[in-house]
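Take a look at this one chain, the form predicted on its own, written out in structure tokens.
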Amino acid sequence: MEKNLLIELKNITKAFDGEPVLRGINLDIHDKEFITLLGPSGCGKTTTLRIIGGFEDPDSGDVFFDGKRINDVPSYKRNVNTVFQRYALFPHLNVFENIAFGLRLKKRPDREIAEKVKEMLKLVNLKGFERRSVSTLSGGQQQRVAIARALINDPEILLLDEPLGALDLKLRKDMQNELKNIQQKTGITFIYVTHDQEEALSMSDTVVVMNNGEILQIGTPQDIYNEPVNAFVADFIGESNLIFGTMLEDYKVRFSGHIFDCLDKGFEPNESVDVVVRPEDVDIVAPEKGMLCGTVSNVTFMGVHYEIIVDINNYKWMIQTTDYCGEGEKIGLYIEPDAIHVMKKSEYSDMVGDYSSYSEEHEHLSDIVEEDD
């Protein structure tokens, strides 16, 4: 079912001290959508969020809300609330009063406030915490109070700027699930900013990958992971083996000295391309049965699987497998056509290397450990 278009950003530009931060951003955000702006530090994702919230003005371009241009509408008049990485709770107020703060400002009746706070506490799993001092709460509990305080005003949109950045790994995972559940229960549009790819993939309906003030790709988490548009997206989202190749014809690509069947088409004959093969999509076989052969240079146990670095014609590949291989072992690699994704050359093609630095780092770390022993 088609969701209603809620926000439109049209040709948004922004510079700070003459340095461009946003370079013509165009983005549609739909009602009830969980959309994540993902990218490295300085890519423009937080500035985009702040322009939507009315905390920054674009240098050029337009922001539309429900079809109306809102460039000149101040932040407090936009039906938007924000949750920051620093929760900015009021230390002198208890949990109840922190959550009730927005309704108190609006001079709502006490009975309505009590009912709404009770509803919010249930939503964020803090029932029974009403009288607690916020200073006695854990980071995850404080985060939930901040979310409840933002949601109690019934915003159409909730902006979340790296809200889980201060939490430890396990708590982050718990809160990722919590936020997705809250978004689905409330039906509020969530616009989320993070540099954490796993967070973006696990929570979002739509992921917007940004770099250098530009949007590189918009799609579902599955699209972004399985069909990256260029080397930057492939490298930024998860682990990737990125190899230079040649598209011989439709469904035939040559890389690493072998011709592979693939599912890609629409390239020029013999066009130079970038090829991505995810580490989990490679099967290890006996050397004589492999399409490619190489020597294992590094093995790291990751709990559920091993990360194996394989030297193939002086190019280091990463393979993720549950099968153990020892260092120095010769192995064959078998790659199915649907494990190969072919991309057009881009400005990012030469920025990505192999996994030689990965194995060198591990060797360096093991040297340090031995010295400490």
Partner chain sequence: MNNSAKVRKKVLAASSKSTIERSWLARIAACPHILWSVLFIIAPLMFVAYFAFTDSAGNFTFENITNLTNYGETFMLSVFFSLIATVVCIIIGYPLAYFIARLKPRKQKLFILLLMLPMWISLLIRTYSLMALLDNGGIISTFLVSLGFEKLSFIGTGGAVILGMVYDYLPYMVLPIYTTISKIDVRCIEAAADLGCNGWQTVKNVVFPLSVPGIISGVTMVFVPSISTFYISQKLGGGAFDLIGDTIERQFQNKLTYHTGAAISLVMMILILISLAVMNRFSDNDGGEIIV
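Rigid core: the largest C-alpha set superposing within 1.5 Å between the two forms. Computed from a prediction, not measured in an experiment: that's the story for all the values here. Residue numbers count along the first chain shown, from 1.
If you look for the form predicted together with its partner chain, you will not find it shown, but the lines that follow are about it.
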| property | result |
| --- | --- |
| Contact check for P228, N241 and F244 against its partner chain in the predicted bound form, heavy atom at 4.5 Å | no |
| Heavy atom contact within 4.5 Å of its partner chain in the predicted bound form, the stretch among 99-107, 176-184, 208-216, 287-295 | 99-107 |
| R111: touches its partner chain in the predicted bound form, heavy atom cutoff 4.5 angstroms | no |
| Exercise: E162 in contact with its partner chain in the predicted bound form, heavy atom 4.5 Å | no |
| Partner contact for N94 in the predicted bound form: its partner chain, 4.5 angstroms, heavy atom | yes |
| Its partner chain contact in the predicted bound form: Y76, any heavy atom under 4.5 Å | yes |
| In the predicted bound form, the one of Q222, N125, S138, N71 near its partner chain [non-hydrogen atom within 4.5 angstroms] | S138 |
| Sole residue of V117, V299, L89, L171 within 4.5 Å of its partner chain in the predicted bound form, by heavy atom | L89 |
| Residues within stretch 28-59 having a non-hydrogen atom within 4.5 Å of its partner chain in the predicted bound form | R50, F55 |
| C-alpha of T246 off by 2 Å or more between the shown form and the other one on rigid core | no |
| Threshold 2 Å Cα movement between the shown form and the other one at V73, rigid core reference | no |
| Rigid core fit then N230 CA moved by 2 Å or more between the shown form and the other one | no |
